[in-house]
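Below you'll find only one chain, the form predicted on its own, shown as structure tokens.
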């Protein structure tokens, strides 16, 4: 296959392209979903094909195919070049980039789980989901629905370009989760959710806290607790935001604002703010392609889809904006180094600036100290999604929470919705716990410019925030 990609590069250069990139994806996706006693999804799909980018006059053109026939590849390269040439005539912003030494992949780039998902058959995986449901039912109460989900995405990626880079690596992420929906006496529906997910092997589902039994029990117990939970009061309160919700804030409300294409066209409120203080000394945000998976979890991404080796990029350093997240073109335009953040969902899409693992860095507090610093307010846990605007405004709904008084957790809360602007929130971060946790799943994923779902990692410590607006019942 490398020979075919190299041929694509050669053809593009002969047509007149200034630079050519060619990549091959061979990805397998499996989705299993059981609701109560009914299997809703047992799906196996493949994403296998070649994508080519041609650069000309500061613009790019992209084309792809699932057919690796030589004549088809000639058509793909020709189409990509023609698109680049036409785009160059109309482009008001030119995104040229400097050539670099070729990148050569090494064996150390690979992540090798002990039990790869491709080594186990369907019955092994349906059994994981069955065990989720059984234990969720045993732990829950007044259950309306118990949903178990398993997803896997894995495969091979190969890349080359005009510089002679050759990058080859394997992608892998698995996801095992449970959602329990229970009905209160007044007819309201409440949820309990838990999951184990990320770049890891199936052996991880034997670890404490990650077994199907543990995940199902946790989801059932949380839903049961929510049956007697009070609605979160509306108003502005101090908040303790748990790890996963902190990660969603880092990703959705800040990470997207730091992506180079938004910055270049002036659509981000972070444009022209490099070096400015945007938050307190307790607010630092990193994007990293290869975190310590065994220690923190997350997603393993040694390269992006431009063949750039993954970096650890400090976007926000103790409240000060330090770097954006780039493709090669946006990095050159903004006079920064490429960050390894040019990604695509699969070969059918052109790579664009996207996040890898985006997270708040940990602080120096333990859980008790964080609750003491919070004093009185809302402890918000997990998220079921929300809305984010281009100016950094957000509305998220936490799945559950607790009212805290004088540093002690009191009543469980439901209908916990948080709103505000990420730049205002960053100015109110007062501290974080020592524990760092990262998550990256098969289900959900990140969406941008019609590309969805792209697996991304997120997380952080638990954060103490001086003031957050809580809206009571979320719509």
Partner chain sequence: MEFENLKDELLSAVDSSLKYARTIDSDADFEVYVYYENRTQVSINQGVVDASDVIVEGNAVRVEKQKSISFASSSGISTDRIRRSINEAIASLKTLSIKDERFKGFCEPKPPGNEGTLAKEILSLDKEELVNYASNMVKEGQKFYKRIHAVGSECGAEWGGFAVGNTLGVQQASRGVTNGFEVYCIAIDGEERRTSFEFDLDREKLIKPAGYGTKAAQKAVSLLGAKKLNKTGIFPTLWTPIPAAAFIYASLAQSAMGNNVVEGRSPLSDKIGKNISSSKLTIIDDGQKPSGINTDAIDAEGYPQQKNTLLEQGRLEQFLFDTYYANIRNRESTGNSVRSGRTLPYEVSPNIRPKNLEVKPGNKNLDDLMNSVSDQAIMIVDMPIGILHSNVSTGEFSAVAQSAFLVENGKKSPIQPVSVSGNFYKGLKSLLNIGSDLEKTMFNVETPTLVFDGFSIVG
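Because the structure is a prediction, the values reported are computed rather than measured. Numbering follows the first chain given and starts at 1.
The form predicted in complex with its partner chain is left out here; the points below concern that form.
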Selected contact from 280, 211, 384, 314, since only one has a non-hydrogen atom within 4.5 angstroms of its partner chain in the predicted complex
384
What is the one choice in 332, 141, 162, 126 with a heavy atom within 4.5 Å of its partner chain in the predicted complex?
126
Work out which of the listed stretches, 303 to 311, 164 to 172, 367 to 375, 92 to 100, brings a heavy atom within 4.5 angstroms of its partner chain in the predicted complex.
92 to 100
Should the three residues 115, 217 and 274 be counted as contacting its partner chain in the predicted complex, with contact defined as a heavy atom within 4.5 Å for each?
no
Residue 61 within 4.5 Å of its partner chain in the predicted complex, heavy atoms:
yes
Might residue 437 be said to contact its partner chain in the predicted complex, defining contact as any heavy atom within 4.5 Å?
no
Wondering, does residue 349 line up within 4.5 Å of its partner chain in the predicted complex on heavy atoms?
yes
Look up in the predicted complex whether residue 406 has a non-hydrogen atom within 4.5 angstroms of its partner chain, and give yes or no.
no
Note that its partner chain is not shown here; using its position in the predicted complex, name the residues of 377 to 399 with a heavy atom within 4.5 Å of it, in sequence order.
384, 385, 386, 387, 389, 390, 391, 393, 394, 395, 397
